[in-house]
Ligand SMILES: Cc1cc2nc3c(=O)[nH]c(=O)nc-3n(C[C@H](O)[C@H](O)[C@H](O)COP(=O)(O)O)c2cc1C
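Read the single chain below, which is given as structure tokens and is the form predicted alone.
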Amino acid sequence: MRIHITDAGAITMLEPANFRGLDILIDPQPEDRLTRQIARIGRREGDGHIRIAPGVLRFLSPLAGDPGWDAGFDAMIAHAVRAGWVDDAGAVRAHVTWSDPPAAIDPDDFRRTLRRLAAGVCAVTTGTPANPAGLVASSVVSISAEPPLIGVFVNGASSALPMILQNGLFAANVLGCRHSDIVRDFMTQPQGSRRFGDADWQAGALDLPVLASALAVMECRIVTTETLGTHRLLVGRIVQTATREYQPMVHFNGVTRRLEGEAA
């Protein structure tokens, strides 16, 4: 069983059904970030070990709840107790292993490559029509139809992120070719009514500001979040939708474009 503390900010369990040992694989990363990561799951014990509670291991395991896995896990913890690897608080000692530095990709190369990925454009909004906040995103993705989930990646420095997290709600408004003014205002104006201008915003089912003329509106309650690199993934469960038909807006090669031509 191995816990992986990644340099992207995620903590995952590898080999969850391997009960012959327990270690923690750590990607090289700044010390302050690593300290925060370790504090999420346990505590350091010297330079080579981390103490971690069995309940945290259960939480991280994708197999927890399966009778066979539970039996194997309980046997592993019992063996650790007999071996003296469990302290008085019940935390298990895990050995630290350092991974090799991952291959480095220049950030400019990353941006240049990803600009070739065409994507729809959304105004992600939160708050209320009287006190709105929002951002423009081309990172809204479909996750699941049952239950209905979408995800949006928001830069950790976004001025809209604190209000989104505080409210626990957001609406993804899919923009069309007629909404270039909204993109301009969202990119240049401060948060609040000036950013939303005089477009056809109205109160949605969750009292969020939603765009009446959007190609689609998905009003969501946040079910989980995860910090990954410079961005925060927000996973929302859709509680209300609306759709309309006209030309969409597409983000490609660093600019927004009109989608033209017949379907392939």
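Just so it is clear, the structure is predicted and the values come from calculations on it, not from any experiment. Numbering starts at 1 and runs along the sequence shown.
Another form, the form predicted together with the ligand, is not on view; read the next lines as being about it.
Novice: If you check N167, N155, N131, S144 against the ligand in the model of the complex, which one has a heavy atom within 4.5 Å?
Specialist: Contact with the ligand in the model of the complex is made by N155 alone.
Novice: What is the one choice in A89, A104, A75, M187 with a heavy atom within 4.5 Å of the ligand in the model of the complex?
Specialist: By the 4.5 Å heavy-atom cutoff, the listed residue in contact is M187.
Novice: Is it the case that H49, even though its partner is missing from this view, gets within 4.5 Å of the ligand in the model of the complex, heavy atoms only?
Specialist: Looking in the model of the complex, residue contacts with the ligand do not include H49, since no heavy atom lies within 4.5 Å.
Novice: With the partner left out of view, is S193 within 4.5 angstroms of the ligand in the model of the complex by any non-hydrogen atom?
Specialist: It does not: once the ligand is placed as it appears in the model of the complex, S193 has no heavy atom within 4.5 Å of it.
Novice: In the model of the complex, is there a heavy atom of the ligand that lies within 4.5 Å of any heavy atom of V174, even though the partner is absent here?
Specialist: No, V174 stays farther than 4.5 Å from the ligand in the model of the complex.
Novice: Would you classify S99 as touching the ligand in the model of the complex, given a 4.5 Å non-hydrogen atom cut-off?
Specialist: No, S99 stays farther than 4.5 Å from the ligand in the model of the complex.
Novice: Could you tell me which of 131-139, 89-97, 108-116, 76-84 sits within 4.5 Å of the ligand in the model of the complex, going by non-hydrogen atoms?
Specialist: Going through the listed ranges, the match is 131-139.
Novice: Would S159, H231 and H251 all count as contacting the ligand in the model of the complex, using a 4.5 Å heavy atom cut-off?
Specialist: Yes.
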